[in-house]
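In structure tokens, the next block holds one chain alone, the form predicted alone.
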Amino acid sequence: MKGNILIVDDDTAHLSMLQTVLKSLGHTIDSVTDGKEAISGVAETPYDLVLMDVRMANIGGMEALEKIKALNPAIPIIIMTAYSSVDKAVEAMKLGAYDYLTKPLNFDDLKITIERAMSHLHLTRENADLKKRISADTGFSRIIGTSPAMKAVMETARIAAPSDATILMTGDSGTGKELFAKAIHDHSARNKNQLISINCAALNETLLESELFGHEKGAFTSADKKRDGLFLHADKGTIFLDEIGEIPLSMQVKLLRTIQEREIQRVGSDRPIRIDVRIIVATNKNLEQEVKHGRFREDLFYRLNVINIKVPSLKERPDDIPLLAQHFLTRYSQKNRKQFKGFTPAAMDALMKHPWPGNVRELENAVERAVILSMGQYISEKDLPGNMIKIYEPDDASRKFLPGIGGRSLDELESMALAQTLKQTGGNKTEAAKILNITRTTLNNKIKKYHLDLDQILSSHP
């Protein structure tokens, strides 16, 4: 990941060397020789990262760090310090520095630390965008998904939304068809009026007719007063009929007449009432097959199928699983007053491999359950539902990070714990050391002892 980096160092020879090395890695580089210039630079330019020496003339690295963080709290700052000033580096970490490197610099360590910081920045920005999506109350911003399949569906829905065209949404249960119906309504000219939703499968024929069209007093035994139906409540707005494939043929005739004539009749009345309603329907059935088998009227199908929007299943858009999982983790962490840093590699691997027959609804339930039951900082695969754990098989890359203990030596277990923790923290040694309750120096010594390759750990699936 390439970025726009500011180097701050009053040693011009060292500064020139860093410029050459980082430019060769594809980064865009600006450089200054003191903290005052660094503060001004960050105030004027949206840098992705600052690489700064501690000891400089005019304004030193520590003061500059505080002022830069006040200007831009999100910017990662990597401190460079001599071995004799490690205590200063520790102080810098407390003030918000991302990491520190000791001089003379090891350029492999420099490259890895910058890559981690850039990845951390990218995730921070993604999370900020996700929070904006979560906080939005209306429209397509509530729909989580960046996969090509979801982008295509959202584009069709956005184009269709401003019209009054009838929309037929198809897709498996739990894919989010009602969410699309709400987004379409919110982006239509009818958004100042109501969106009325009803699940057609939840009511028998008599109750469904009364719910949709209303009834007159005395129309049937329990009709003790006149009642308006949902079509009238949705007048000048939108009505969403979910599970449209479940309504009986006799009701299909009445619905067809409503669509054609734009009028309804209350049960027990012979007086038509004009309505102005946009109709959106959804089904998890193949209506064309239902027509062939005589279970759905062909004329009604064509009236409904003006614009067809097929919402993809979760297995058709696996790239959206991490984003959705994080979205639900944030939502249910707040609801349950808990704090989590994310998912372990094995947990995310399990989520990615699960077939999700219940789609987004099943994923949401799985994450909510995990949030309630987990006692750690990360959701692990053990926090997921039992049926997921039974069918989950870790691949070779993730298997090396699983905490299995059968037949392993203490050194092997310690090596695995180190690797898994570094993976969880995105390679941040300071945070990993805190979690393991050891010093950063001890952590570095153990990494060398077990010949752990940080690049390999961070690039492993997922």
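Here the structure is a predicted model, which is why all the values come from computation and not from measurement. One-based numbering along the sequence shown.
There is another form of the same protein, the form predicted together with a small molecule; it is not shown, and what comes next is about it.
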| item | value |
| --- | --- |
| Heavy atom of each of 242, 324 and 360 within 4.5 Å of the small molecule in the model of the complex | yes |
| Candidate stretches 268-276, 167-175, 111-119, 189-197, one within 4.5 Å of the small molecule in the model of the complex by heavy atom | 167-175 |
| The small molecule contact at residue 328 in the model of the complex, heavy atom, 4.5 Å | yes |
| is_contact(residue 254, the small molecule) in the model of the complex, heavy atom dist at most 4.5 Å | no |
| Contact flag, residue 74 vs the small molecule in the model of the complex, heavy atom cut 4.5 Å | no |
| Proximity of residue 303 to the small molecule in the model of the complex, heavy atoms at 4.5 Å | no |
| Among the candidates 373, 123, 249, 179, the residue which, in the model of the complex, approaches the small molecule to within 4.5 Å (heavy atoms) | 179 |
| In the model of the complex, the one of 297, 227, 88, 142 near the small molecule [non-hydrogen atom within 4.5 angstroms] | 142 |
